[in-house]
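The data below hold one chain only, encoded as structure tokens and taken in the form predicted on its own.
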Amino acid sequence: MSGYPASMQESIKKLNETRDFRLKQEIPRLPFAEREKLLHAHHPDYRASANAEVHLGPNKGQKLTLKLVQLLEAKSRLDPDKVDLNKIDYDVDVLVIGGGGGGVAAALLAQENGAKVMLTTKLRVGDSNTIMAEGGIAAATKEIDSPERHFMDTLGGGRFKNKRDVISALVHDAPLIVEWLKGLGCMFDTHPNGDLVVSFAGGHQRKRVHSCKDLSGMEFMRVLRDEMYNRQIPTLEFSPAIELLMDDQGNCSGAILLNMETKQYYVVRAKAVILATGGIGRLHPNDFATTNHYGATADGLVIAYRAGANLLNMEAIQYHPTGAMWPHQMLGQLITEACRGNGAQLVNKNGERYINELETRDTVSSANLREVQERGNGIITPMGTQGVWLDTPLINIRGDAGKLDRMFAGIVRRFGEYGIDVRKEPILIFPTQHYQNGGVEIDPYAQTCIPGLYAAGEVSGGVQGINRLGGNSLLDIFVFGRRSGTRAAEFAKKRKVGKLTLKHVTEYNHQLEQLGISNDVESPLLLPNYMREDIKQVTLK
């Protein structure tokens, strides 16, 4: 018995009837002008309510995504006058904030380069977007490919808003990163002769995404976490950073941590700090569902901004074209782009294709939104929501009878639990918030504008422009995780920390008061609050 209700079966029947035709159908990619028109008409970033002006700080006067501005214009959850900075709880060379792939890579390289390192994270080590990444890691490892082609694809995919020197670092390190992961013991999909399997992702002109089934991030995180534990790098869990520390010379010099269980503050003095705190998904920009993990609440952006770091491209949010729309229990969960890269097609309620599936993510998401919201071609669920089909049986038809089980074992299993056999039935999808394209601006060595402060992964800005290509996120965290770890360790060797201060927090709060800005929010947020409004009111009373 199918996991789809009878009301959706008629559309599935139409999808099956058009499959032979669609197998031969070619849909060309959109010319630049048509793509721009589609984006401006349907991408959520172009909605009037998407962004708002920020009234203080390094990006004063610019428009950033609305829900981030609300956090940037909130007071700190820390009262600087109540913290004794003379009582140092931890004293290290390099403090890494964040326990995903970027943070662990940074900690490993900082230690390799002679630094005394400590890693702290809000939840548990590994609780991150890294572990939820499915598709794989992009790198030009094949003879028909090159870093230069990878560079051009990344630049075009980012709509030419990327920093070119940072992209150059990304693509030239990429083949080395694959070898580094293999050397640590990460498993990759291989052909019978041992060659690495590579797949397409939207916007790439060559097959260059290396995977471990649809569990790539989980595999990489498993190995890196074991490596860090084996090297006995000290870690603190459930201890997020709630403010950065500066010294009287203007250098970043540590952080204030909050023990989430005891509510105790820790003062960490460090000669260099690496932010690897991830993204913004749990703020639900434009009220979309998200693929992100529970801790993705923009903490790193907030504390870096208060300390004086500028943000880049934070008006641009990525909505992944294929988030699960049914069953409702899986709402917003990621359905990897590798499905489309291996032949799955997007189909409306009438069994019709409407876009080349290997367009960039912003373009495909916009086409999905147009199909549902403007053209009325969405499939309605029993919850009243709508989506379009991802015709996954085509993966086996175009490949072989075992390809879905071999490469997408996680998707086969997850949908199977709800009675949906993706070998025989399509998946109902809709765009879901997936990534913050911008972040704290970095240079090719992951250095921010604040001496002693580095950033790696999704919290950083400049790598992806205003639209990331598939496979470039796992690459980003390892390239700039490694680079930040190396450079922070070198910086720490030359550095003596001055007198610690939280003066920047005091001054920021004072500016808010002078501007008359006041809201009920404390930031960083740390965790999302999904309590219903009526229950919140009862609780507050």
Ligand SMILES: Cc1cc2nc3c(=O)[nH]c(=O)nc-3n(C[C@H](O)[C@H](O)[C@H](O)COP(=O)(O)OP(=O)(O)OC[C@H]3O[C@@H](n4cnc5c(N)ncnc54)[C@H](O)[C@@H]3O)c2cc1C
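What you are looking at is a predicted structure, and each value in this text was computed from that prediction instead of being measured. Sequential numbering from 1, following the sequence displayed.
Just so you know, the form predicted in complex with this ligand exists too; it's not on screen, but the next bit is about it.
Candidate site formed by Gly100, Ala133 and Pro240: every one of these residues places a non-hydrogen atom within 4.5 angstroms of this ligand in the predicted complex. Only one segment in the set 352-360, 284-292, 72-80, 143-151 has any non-hydrogen atom within 4.5 angstroms of this ligand in the predicted complex, and it is 284-292. Checking Ile397, Met330, Leu123, Val197 for any heavy atom within 4.5 Å of this ligand in the predicted complex turns up a single hit: Leu123. A single residue from the set Asp173, Asp127, Glu227, Glu315 has any heavy atom within 4.5 angstroms of this ligand in the predicted complex; that residue is Asp127. Looking at Ala276, you'd find a heavy atom of it within 4.5 angstroms of this ligand in the predicted complex. Interface residue remark: Ala488 is not counted as part of the site for this ligand in the predicted complex, having no heavy atom within 4.5 Å.
With a 4.5 Å cutoff on heavy atoms, His434 counts as touching this ligand in the predicted complex. When contacts are judged by a 4.5 Å heavy atom cut-off, Arg468 counts as touching this ligand in the predicted complex. Applying a 4.5 Å heavy atom cutoff to this ligand in the predicted complex picks out Leu526 as the lone residue from 506-526.
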